[in-house]
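Given next, in structure tokens, is a single chain: the form predicted on its own.
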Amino acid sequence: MSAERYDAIVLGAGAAGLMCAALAGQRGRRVLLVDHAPEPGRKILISGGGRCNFTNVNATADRYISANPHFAKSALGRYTPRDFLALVERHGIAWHEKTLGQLFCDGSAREILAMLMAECAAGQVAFASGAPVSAIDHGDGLFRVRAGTVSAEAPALVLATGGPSIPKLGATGFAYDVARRFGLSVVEPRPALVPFTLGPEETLFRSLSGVSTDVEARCGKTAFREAALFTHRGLSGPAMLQISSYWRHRQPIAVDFLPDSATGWLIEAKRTRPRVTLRSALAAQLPDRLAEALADRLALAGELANLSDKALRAAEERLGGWSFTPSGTEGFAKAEVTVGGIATAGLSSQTMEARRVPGLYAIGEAVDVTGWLGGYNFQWAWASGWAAAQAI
């Protein structure tokens, strides 16, 4: 089977791959976009509850996790959230800003996918979908790829197949296998932006399924102030998903259940409302079921007037740093993204090209750059895809 010649072959029709292929095509490059799924952008379609949190206005490199925290600066600085928003607006997609700088479609995530497909059409990108890559060869300055009945060759090959998070959508560690084959290192991948599971000893948390409250979650030196959601398996919600990206097995997490309360608030409550119980004092600030559970666990019965200041200070301290140790997470099956991936040490931060393998690029989630919850990972996909497209 003779191979058809292209300027670039992009593996993976997700956010980063679509962006890179479209922009390279619009620069006059002949591009083939290959994906084993029958339809492109499956992860885009489920994002943001189906409304696609397509970027975040605060997307700077300090909001990303990587073995090299400076690696993302170049791409993020050259292709900004404002740049992507201009593309969204050019396509007439209505959008709105939610909390913490998150930008969403007013309508459907399908609008973002349709936009990217239109951009690919403008760049005359060719597609090969519905068959896995069966072979990748490299020689004489060309990469040769076979997928189903398609055989193609090009001087540039872009790895944009993401990480193993959400395998039911077809996610695998394919990019890591290819990277290792070409001598690139891979930082150990692990689930990120993922709910925690709790063991039977954490009865306090497991008994509160369905309860949500605003907390500050801390792991080591990292803290996030957002909502936490108690589930039948453990803890979820934005605060827990955020902190999960920094968590390591057997590491404790501390939760401040009253992040807005001033030091000494319980003693002040004792002075101003002496007949109130601890449960009632907590219920004024927390959901009833949570207030009851915390009060029961603190075991301070009776009115505040009958409790010592020392006991109240101890209760306040525990409420401000309630420690628990997750038994694990819900794994790649429920992880929104992957921490780790193709090591940035082997890539150019300017072009995303492998330093020792000319013509090989890695972008998006396949790379060891992982953003916070809230549109950051999409912005990395757009920015890294843009950077590679300028170099192809």
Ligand SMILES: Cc1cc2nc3c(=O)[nH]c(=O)nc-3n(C[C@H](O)[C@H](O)[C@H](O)COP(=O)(O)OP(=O)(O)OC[C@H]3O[C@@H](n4cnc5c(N)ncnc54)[C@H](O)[C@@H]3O)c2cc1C
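Quick note: we count residues from 1 along the sequence shown, nothing fancier. It should be emphasised that the depicted structure is a prediction, and the values quoted were computed from it without experimental measurement.
The protein also exists as the form predicted together with the named molecule; that form is not presented, and the subsequent description refers to it.
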query: Contact test in the model of the complex: G340 vs the named molecule, heavy atoms, 4.5 Å; finding: no
query: Exercise: A24 in contact with the named molecule in the model of the complex, heavy atom 4.5 Å; finding: no
query: The named molecule contact in the model of the complex: A13, any heavy atom under 4.5 Å; finding: yes
query: Interface membership of A37, the named molecule in the model of the complex, 4.5 Å heavy atom rule; finding: yes
query: Heavy atom contact within 4.5 Å of the named molecule in the model of the complex, the stretch among 300 to 308, 267 to 275, 153 to 161, 233 to 241; finding: 153 to 161
query: Listed residue (I166, V211, I93, A291) with a non-hydrogen atom within 4.5 angstroms of the named molecule in the model of the complex; finding: I166
query: Listed residue (L229, L100, A283, V133) with a non-hydrogen atom within 4.5 angstroms of the named molecule in the model of the complex; finding: V133
query: Sequence-ordered residues of 328 to 342 touching the named molecule in the model of the complex, heavy atom within 4.5 Å; finding: A335, E336, V337
